[in-house]
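As C-alpha cells, the next two blocks hold two forms of the same chain, structure 1 and structure 2.
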Structure 1
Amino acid sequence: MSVASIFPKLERLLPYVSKPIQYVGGEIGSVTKDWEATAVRWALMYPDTYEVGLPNQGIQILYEVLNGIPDVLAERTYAVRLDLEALMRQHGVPQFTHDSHRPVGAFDLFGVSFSTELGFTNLLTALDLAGIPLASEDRGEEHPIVVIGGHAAFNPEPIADFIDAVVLGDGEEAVTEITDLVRAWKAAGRPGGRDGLLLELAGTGRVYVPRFYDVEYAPEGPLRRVVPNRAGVPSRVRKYTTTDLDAWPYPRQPVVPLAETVHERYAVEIFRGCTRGCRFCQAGMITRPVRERSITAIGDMVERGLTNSGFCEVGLLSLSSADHSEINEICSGLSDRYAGTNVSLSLPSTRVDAFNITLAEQLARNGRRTGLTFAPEGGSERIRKVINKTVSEDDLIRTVATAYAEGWRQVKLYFMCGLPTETDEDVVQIARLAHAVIRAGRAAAGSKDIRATVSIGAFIPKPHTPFQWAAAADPAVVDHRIGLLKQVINSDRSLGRAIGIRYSDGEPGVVEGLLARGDRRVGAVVRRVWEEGGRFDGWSEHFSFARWQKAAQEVLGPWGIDLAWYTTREREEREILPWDHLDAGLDRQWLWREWQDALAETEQDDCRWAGCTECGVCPSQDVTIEMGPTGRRLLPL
C-alpha cells in the first residue's frame, strides 16, 4: 500500500515554530521515489537537528548508496526541536521524513547513526513520536527494524533495550547486505516473523542483535558473562571494513541545505582509518586499518560534487588529512584545477608534524584562508608520551610559525584535560605553550595582529582503546585545572589578550562517560532522563546534570553502584567489559599492553612506517593497510 505524506498536517504547525524551513524538504540533491515501486524502504536519521545532521557524511553516503539501488527507497529524518515536538504531540503528527514527509513508522528499517552518546535520548523521542514502542521486545511485524551504527555504536549496551540491531564499522556494504536480506525475507512471505529476520541478520556474524544475548552480573557489580541465547548466533560480532574506497565514490550529489547548517561545503573523505596510535582516540582505533582514496578518484569526486552542489569550499576529510601519502599533490592538483575561481580548500584538523609550507601555500590559494586547527592534545611533553601524541613543542612552534608567516592570523589549538596520570603542571603547561605560540607567530608575521584559540575538552575514556580501563577525572578536578589554566594564560596581559579560551565544564563529560562505558543497566537511566524531559543532551542549553544525577541515583542505587562506579573507577585487566563480545578487530592483550606503556610514558611508532605493532586488526579482519603514493597527477579542467 502507498503511504501518504503527512505534510498537510505538518504545514499548519510550521508558522508557530523556529526555523520552519528546516522541515520543508525539497533540497537540491534530495531524492523521492514511488513507494509502491520499491521493495525495501529505509528511514535514515542523524539524531540531532537539521542544521547539525544534514552535513553528516555518513548519512549522506548511505542515503546515496541506498537510493542508487533501483528497488530501494531511502529518506532522511532528523531530531525535531522542542517547540515542534510539543505541537506534533498535541496534533497527532508523527515523526516524519524530510524527503516525502512519510511517517517513519511505515518504513521497513529505521537506521540511526550515532557519532556521540549524548544523542541517545533523542532516539527515544523519535521512536515515541513515530509510534514505535521504546522497548524492542514490544515491537511487532508492523514496526520498522531499528538499526544503529556510527562510532558510538561500538558499545550499544546502554540502549540495547531500545534497538533491534547494530552495525559495527563501515556502512556502505553493511546496508546493502541488510537490504538484500530484508528483500528476500519479504519476498519469501516473512518466514519466522520479526524474530526470523533478526535471526538471519545475527547469523551473518556482522550484525549484533542485543535481544539474542543474555547478560549476567556479579554481586559486586561487574559483568559475569554475555552469552547468546539462540542457536546460530555467534558469541562475538565482527565489524564491517570497506577496503576499496575508490569503488564507493560517495557522496556524488550531496544534499544542499535550505537552512543554515554547521558545515556548508562539499566534503570528500580522502582516506579512512588511522594508525598514529593516539591512546585516547576511539575513532583511530576502531577504523583501522588505513585505506586511502586515490588522487584521481578524489579529483573526480570534487569535480562532480561541486558541479552538483554549487558549494565553493572543499573539505578534505579524514582523521588526520595531512597524513595522506599524496596530500601535497592532492592540494596542489586541486588548487591548479580551480585557480582563478572562488573554490577554496580546507583540512578540518591537521597534525602538527604533517603540516608544511607547500601545504600552507596550496590551502591559501585563491585568496581564501579557511581556519587552521592543530591538536597537540597535551600541554607537556610528558603527557603527550602518555597519550602517544608524538609531537614536540618545537614541532608545534615551527608549524604555527609557518602558518602565521603564510598569512593566517588565527589558529585553533585543541587540548584535553583530565588525561590519565595528569597533574596540574601538565595543564598549566598549555598556557606556557600558548604564550610561546603567540611570540613565535608575532615574530614570523612581523605583526601583533594574530590570535590563537585554545580549546579544552574533558577527556572521556572510550571503549576499544587502551584507555578503556582508565579512570576519568572527577569534574571538580577538571574545573579546577581549567581555572588554573585561565589564570596563567591571563597572567601576561600582552600575550593573554591574543589568546581565546574555549572549554566545557566536567559535568557533560561525566554523562558521556557513563553512556560510553555503560552496560544494559544504564538503559533504565537513559529512559528515566528522557521521561523527565531530557532532550539534546549535547547542547549546553538543554543539558541538565542534576537530571542525570537523580536518575542514576534512583536507577543504579538498588544495584549497589553509582555514577562514579562507571566513570571515575579504574578497571582491572580481567574485568569483563560490556563491549568485549563486539569485535573491532583489536587484540585485547595489545590494548592492555598499550595501557601499561601509557603508564610507563612509553611511546609507540606508527605501523605505516615502523612495521607491524600486532594490534590484531589486519589478520582478524583479513584486511591490510592500503596507501600510495600512486604517482598520478590531477590535470587542470
Structure 2
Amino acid sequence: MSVASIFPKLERLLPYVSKPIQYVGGEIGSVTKDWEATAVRWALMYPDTYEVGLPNQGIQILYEVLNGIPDVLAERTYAVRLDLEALMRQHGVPQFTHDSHRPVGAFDLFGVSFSTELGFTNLLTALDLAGIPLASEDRGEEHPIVVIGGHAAFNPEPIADFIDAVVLGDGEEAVTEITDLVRAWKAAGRPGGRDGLLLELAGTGRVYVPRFYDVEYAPEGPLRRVVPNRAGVPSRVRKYTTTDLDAWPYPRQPVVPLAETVHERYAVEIFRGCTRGCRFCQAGMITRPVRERSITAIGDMVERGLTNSGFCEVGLLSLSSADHSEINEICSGLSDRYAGTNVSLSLPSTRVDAFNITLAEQLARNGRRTGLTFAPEGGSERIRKVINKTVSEDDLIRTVATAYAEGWRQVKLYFMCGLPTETDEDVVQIARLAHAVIRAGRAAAGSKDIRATVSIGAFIPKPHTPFQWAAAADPAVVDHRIGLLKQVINSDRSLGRAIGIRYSDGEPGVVEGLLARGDRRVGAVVRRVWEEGGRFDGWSEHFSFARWQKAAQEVLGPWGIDLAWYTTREREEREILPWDHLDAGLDRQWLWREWQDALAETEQDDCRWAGCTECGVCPSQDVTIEMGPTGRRLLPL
C-alpha cells in the first residue's frame, strides 16, 4: 500500500501561517525515496520548530546513516508552530514529514531526539497530530514504534508512558541494529505482534522498553524498586558507544535549510565525549570516553561538506573543542586552506587559558572574527573546586587581560548560580572577578573602551552526574543572589558601566529540574500541562510556570509529594533513583565519591592526561580513549 502525500491539503493552509517555507521540504540534501521500494521506514523528529531542529547534528547524522541503507527510508519532521497546529486540527491534516509529506502515523518507527526535557510536551502534540495514541499501551500494530534518544533520554521516566522504546548513547549503530530487527520481524510476518518486536528490542540489552518494567514506590515517596515484568528483559539497559569516528564521517551531505535557522553552517564534530570531569555537566558524564576524529578526516569532511552545501561557515564542534589533541594543527591547517576565500571558521571554546586566545587569533586570520567566551562557571576558587572546574583567579584575570591586549573589545564570561554548597559570597565573587577583569583589561588595552558580558545560568542537577543527589537551590535564593550580584557589580559606576549582566528566569529551570530528575509519576503532570495547552516550554513566550505548578499540585498531591520534593530535596546515597536501571557506563560508587569529593572541595583529574580515575565507562562499555596526536597535517587543497 502506497502512502499519499498530504501536501495538497497542507498547501491550502500555508498562505495563512508564518514562515511557510519551513514546511515545504525540497532542501538541498533532503532525500525522497519510493515508499514501495523500502522495507523499513523511519520518521525522525527534533521536537522543536524547523528553525531550531534542522541544524540538529544528531538528526542530520541518523537521517544520512539510515537513508544510506538501500531498503530503508528516513524522513524528517519537526514541531509545527501554533498557527499551523490550529489549522491542521481544523482541517484534519496529520503530522507530516517534510521530505515527502507523508503522514508520520504511516511509518514503522517514529524516532524523536531530545536535547532538552523542555521538548516533552511537543512530543505529545506530534503524537496527537499523527493520530498515534498518547499512551504506549493503547497502540496497536498499525502504529509506529515510538523510540526516543538524545541526552534527555538518559532519564526518560517522565515520558515513559508515551514512548515505546529508548536508546541511550550514540545513535549510529543503534538505528542500524533496530532497523535490522524491524526488517526481520516484518519479513517473518510480525511474530508476536507489537509486543513481539518490543521484546526482541528489549532482549538486546541496549533498548529500554519502559512498559516491560514495573515501578513500585515507598510510602515516603522514593522508588522502592524497578523490575522487569516479563522474561527475557534485562534488569539494566546499557548505552551505545560509537567508536572510530573516522568510520562515520557524517554529515556528508547536510540538509541545507531554506528557512532561516539558528545555525547556518557546516558543523563537524571534531571529537565526542569529554573527561574534564565538571561535576555539573551531564553531557561530559554520559558521553565518555573521549573519541577524537582525526585531523585528516576532519579536513576531508569540511571540504566535502562545504562543496555539497554551499555554506560559508564551518563550526568545529565538541564539548570542549580546544581540547582536541591536534586542535592547533586543525585550526592552522583549515585557516591556510581557506585563506583568501569567504569561508569563516568557528570554534566554540570556553577554556579559560591563553591557548583559547591563540586559537581564536588563528581562526580570525581569514577576516571574520567570532566572539571570545570564557567559562569559569563559578565565581570563587572554592566553588570552582566543588564543581571541578580548575582555574585560578590570577590565571583567569591574566587570560582575559591578554584577550583585551590582543585587540578584543568584548568578552563573555559564563557562570552558574545555585550550585551545591554555594553561598552569597561565592556569587558576589563573580562581581569582584568582573571588576578585576575590567581593571586589568583597561590597563592591558590602554583604553577604557572595553566591555565584558557576565552570563549567569541557573544550575539544574542532572541524572548520571555527581550532582544527581544534590538539592537544587530554591529559585528565590537564586533570584536573591543575582540581585546581590547586580548590586555589587554596579557599586563601582565606572567598572559597572563596562559590564553587562545576562541571566535567565528561574521558573523554567524548576520545570527542567522536575523533568530531569522525575519518575513515572511526573508523566501525568506532563500530560495535564499539554492538555491545558502547554507547548514549546523552552520558549519564554509560550512557557507558563503557573500551568506547571497547578498540574504538579493536582497530580503529585495524592502521592504526598510536590515540585520541591523533586527539585530542592537532597537525595541519600541509598535512595533508588528513577534512572538507576539505565546504565551510562558510570560506576554509581564513583559518582557518589565524586559527590563527596565535591562537598570536600577536592578536585579530580582528567583521565586523558593524568591516568584513569575509574569512572567505570571504559571497562563496562569495552572501549578505550581514542585520541591523537596522529602527526598528520592538512595539505593545501
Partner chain sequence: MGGKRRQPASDQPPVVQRLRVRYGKRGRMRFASHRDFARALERAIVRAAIPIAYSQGFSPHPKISYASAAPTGVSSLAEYLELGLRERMVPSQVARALDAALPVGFEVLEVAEAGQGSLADRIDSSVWTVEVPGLSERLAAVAVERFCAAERICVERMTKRGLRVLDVRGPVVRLAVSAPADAAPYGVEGLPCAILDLVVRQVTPTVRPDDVLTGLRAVADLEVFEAPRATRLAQGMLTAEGEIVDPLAADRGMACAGALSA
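Everything quoted here is computed from the prediction, not taken from an experiment. All residue numbers here refer to structure 1's sequence, counted from 1. If you superpose the two forms and keep the largest set of C-alpha atoms that fall within 1.5 Å, you have the rigid core.
Here are two forms of the same chain; which is the form predicted on its own?
-> If we ask which form is the one predicted on its own, the answer is structure 1.
Rigid core fitted, then: does residue 496 show a CA shift of 2 angstroms or greater between structures 1 and 2?
-> Shift at residue 496: 2 Å or more after core fit.
Exceeds or equals 2 Å, Cα of residue 446 between structures 1 and 2, core fit = Comparing the forms between structures 1 and 2, which are aligned on their rigid core, residue 446 does shift its C-alpha by 2 Å or more.
C-alpha of residue 405: shift of 2 angstroms or more between structures 1 and 2, rigid core aligned?
-> Moves: yes, 2 Å or greater.
Core-fitted comparison between structures 1 and 2 - CA shift at residue 356, Å | So the C-alpha of this residue moves 4.3 Å.
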